[in-house]
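First, one chain by itself: the form predicted on its own, in structure tokens.
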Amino acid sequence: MLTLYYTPGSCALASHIALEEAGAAYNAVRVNFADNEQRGAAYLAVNPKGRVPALATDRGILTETPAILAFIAQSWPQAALAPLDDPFAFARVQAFNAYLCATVHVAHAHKARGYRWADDPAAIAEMRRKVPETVGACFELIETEMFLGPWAMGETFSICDPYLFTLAGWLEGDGVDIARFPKVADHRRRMAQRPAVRRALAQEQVHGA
């Protein structure tokens, strides 16, 4: 059986939702960031990067959200979470998720993780100050150019949707008014109503209590 390592409020929620959407059998194991458990020897043996998510499979450990989401889509093709029979369409899904991972999440990380890029307190403070602008610009691009509607990639729900939902959930904390992005706001509302999303959120709330 699969094991998903997560912490509440993290990007691991996207993989958690995708597992629920796929109908996969899995265990969910919380990594307690408040106790710095991600830096402990036990978790570093699972994921030496010291981050979540990590997905333990019968062939080894997978890390990085886009890779885990693609694995879920390919492992449960009957769930139709990606256009697996169309290389170009699947590449577009991968491009969307790569943008969320490499650009949007990194912009968000400058709020609380500035120490990854600088030691100077003034530089870290400047990175934090700029987060509403940089994250807002990311979502402006998503709203106007990338989001096809009614789902991220068009008419069909895909592995892009749990990931977008997860990162859009951080907007208010990043000082960005989601009302600026009506398509993203509507998407977040509809995603929150999906049974798989509710199940994943309920598990994380229970396990995180």
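Don't overthink the numbering: it's just position in the shown sequence, from 1. Keep in mind that this is a model prediction, so the values were computed, not measured.
Absent from the display: the form predicted together with a further copy of the same chain. The rest refers to it.
Asker: Which residue among G173, G149, P48, G40 has a heavy atom within 4.5 angstroms of a further copy of the same chain in the predicted bound form?
Answerer: Filtering the options by heavy-atom distance leaves P48.
Asker: Can you tell me which of 180-188, 164-172, 138-146, 22-30 lies within 4.5 Å of a further copy of the same chain in the predicted bound form, counting heavy atoms only?
Answerer: Checking each option against the 4.5 Å cut-off leaves 138-146.
Asker: Does any part of A79 reach within 4.5 Å of a further copy of the same chain in the predicted bound form? Heavy atoms only, please.
Answerer: Because no heavy atom of A79 falls inside 4.5 Å of a further copy of the same chain in the predicted bound form, the answer is no.
Asker: Could you confirm whether T57 comes within 4.5 Å of a further copy of the same chain in the predicted bound form, counting heavy atoms only?
Answerer: Residue-level check for T57: yes, a contact with a further copy of the same chain.
Asker: Using heavy atoms and a 4.5 Å limit, would one call T63 a contact residue for a further copy of the same chain in the predicted bound form?
Answerer: Contact with a further copy of the same chain, yes.
Asker: Does a further copy of the same chain get within 4.5 angstroms of any non-hydrogen atom of A98 in the predicted bound form?
Answerer: A98: contacts a further copy of the same chain in the predicted bound form.
Asker: Suppose contact means any heavy atom within 4.5 Å; which members of 109-142 contact a further copy of the same chain in the predicted bound form?
Answerer: Those in contact are H110, Y115, R116, W117, A118, D119, D120, A123, E126, M127, R129, K130, E133, T134, L141.
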